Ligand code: PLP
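A lone chain, given as structure tokens: the form predicted alone.
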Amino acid sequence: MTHFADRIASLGTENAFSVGADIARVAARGVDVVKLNIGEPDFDSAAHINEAAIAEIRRGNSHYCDPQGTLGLRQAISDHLERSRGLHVSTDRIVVTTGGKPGIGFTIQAYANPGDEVIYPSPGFPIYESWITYAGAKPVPLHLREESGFTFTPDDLAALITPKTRVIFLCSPSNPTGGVLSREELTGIARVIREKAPSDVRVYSDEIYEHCIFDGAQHHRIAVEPGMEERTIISSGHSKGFAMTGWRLGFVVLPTAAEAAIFKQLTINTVSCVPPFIQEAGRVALTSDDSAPEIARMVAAFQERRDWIVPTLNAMPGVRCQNPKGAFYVFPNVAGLCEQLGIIEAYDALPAERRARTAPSAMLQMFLLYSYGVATMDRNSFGKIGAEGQHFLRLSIATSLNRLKEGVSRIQSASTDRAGFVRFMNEEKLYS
């Protein structure tokens, strides 16, 4: 399609949404699809949050507002940062965004020229890699290893930093692995950045899952490390911890007010502003005493599901699964399952152009969906560069325990259905 600009060919996606067309196709056949693909809490936003927005709409607070964010919400964010991180952040360094994603794109646009290097975790949130390639920067994946709990060492990071590094993405708790960086790990990472990275490098600390920590652990932040607040962009929001995914409300904290002004300008150029009634609901979410019990209830449910699914998956032949420390996903290694179903063999037999467009875990993902009605996410959905030979699935545990048990039961049935996989390859023709 030659009428498109060349850069469109470099634009990636978030497959948790794009797989929706496949889910709809399967559902149209009358199949009850168990959706373990999307990272969305199965809780509704709390009543006190909803009522705050409704009241604002009724009183007419539905007009344009400050593109940087209402002062009330920015002050609530500043107070939250002081309570949770011990950081004293002025409101002129805070920009309210339409969810967590804009901060990623704004950061790449603001700091990275074509050819500049951007380090990001892989597996990680796919929009990191998408924006880096779209902007013409050089993606430098920081591979998270299963054997180290999907974290990384300061030395791992140091090996990737060069004079051309402009941005370093961190995400803790992590999507898709549930890995959590400890205080000691962050101290070492901060030391490497101070010692090796150019002074103008920005660290994008994605903390959208900051409320979703298991086993009574605490969330730790790189911005509190010596010399890091002036280098760090803190990104968070309301989608995960407050079950406000559809509200599209996030925020970024910039090192300086001048940098925040650039992000404000980018907001003006894209969405103008976040609706003020949504921002008032977000302010209430951060300040109301009713919020903490709601968060605790959700996290307890996610932990209960984690505690059920991890041993269940580990008891399944061909599967091994780490115990996530946060977020609401599990990320099992399914290499053995791919082998026993004949998926590796089938992948190797594909024409080269087809192999380049898929992977064994993607073939398993589609087999589970089309033949067993379970929607999952494959490894390449979380950063494709350098992921060859890695066979993982992400399962969201942000669904009820009953639905989770139904989905895993179907996966168990599929795990021994080698003949079913052959039929799937012959009938669906997704890879022919």
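Just so we're clear, the structure is a prediction, and the values are computed from it rather than from any experiment. Counting begins at 1, following the sequence as shown.
Not on display, but discussed next: the form predicted in complex with this ligand.
Peer 1: Although the partner isn't part of this model, could you tell me whether residue 100 comes within 4.5 Å of this ligand in the predicted bound form, counting any heavy atom of the residue?
Peer 2: Output for residue 100 is yes: heavy atoms within 4.5 Å of this ligand.
Peer 1: Spell out, yes or no, whether the shortest heavy atom distance between residue 180 and this ligand in the predicted bound form is within 4.5 Å.
Peer 2: Output for residue 180 is no: heavy atoms all beyond 4.5 Å of this ligand.
Peer 1: Are any of the heavy atoms in residue 325 no more than 4.5 Å from a heavy atom of this ligand in the predicted bound form?
Peer 2: Judged by the heavy-atom cut-off of 4.5 Å, residue 325 is well away from this ligand in the predicted bound form.
Peer 1: So in the predicted bound form, does residue 280 come within 4.5 Å of this ligand, heavy atom to heavy atom?
Peer 2: No.
Peer 1: Counting heavy atoms only and using a 4.5 Å cut-off, do 128, 171 and 206 all touch this ligand in the predicted bound form?
Peer 2: Judged in the predicted bound form, 128, 171 and 206 all sit within 4.5 Å of this ligand.
Peer 1: 358, 187, 239, 91: which sits within 4.5 Å of this ligand in the predicted bound form by any heavy atom?
Peer 2: Filtering the options by heavy-atom distance leaves 239.
Peer 1: Of these, 107, 232, 175, 122, which has a heavy atom no more than 4.5 Å from this ligand in the predicted bound form?
Peer 2: If I apply the 4.5 Å criterion carefully, the residue I get is 175.
Peer 1: I need the one stretch from 208-216, 83-91, 263-271, 332-340 whose residues put non-hydrogen atoms within 4.5 angstroms of this ligand in the predicted bound form.
Peer 2: Partner-contacting stretch among the options: 208-216.
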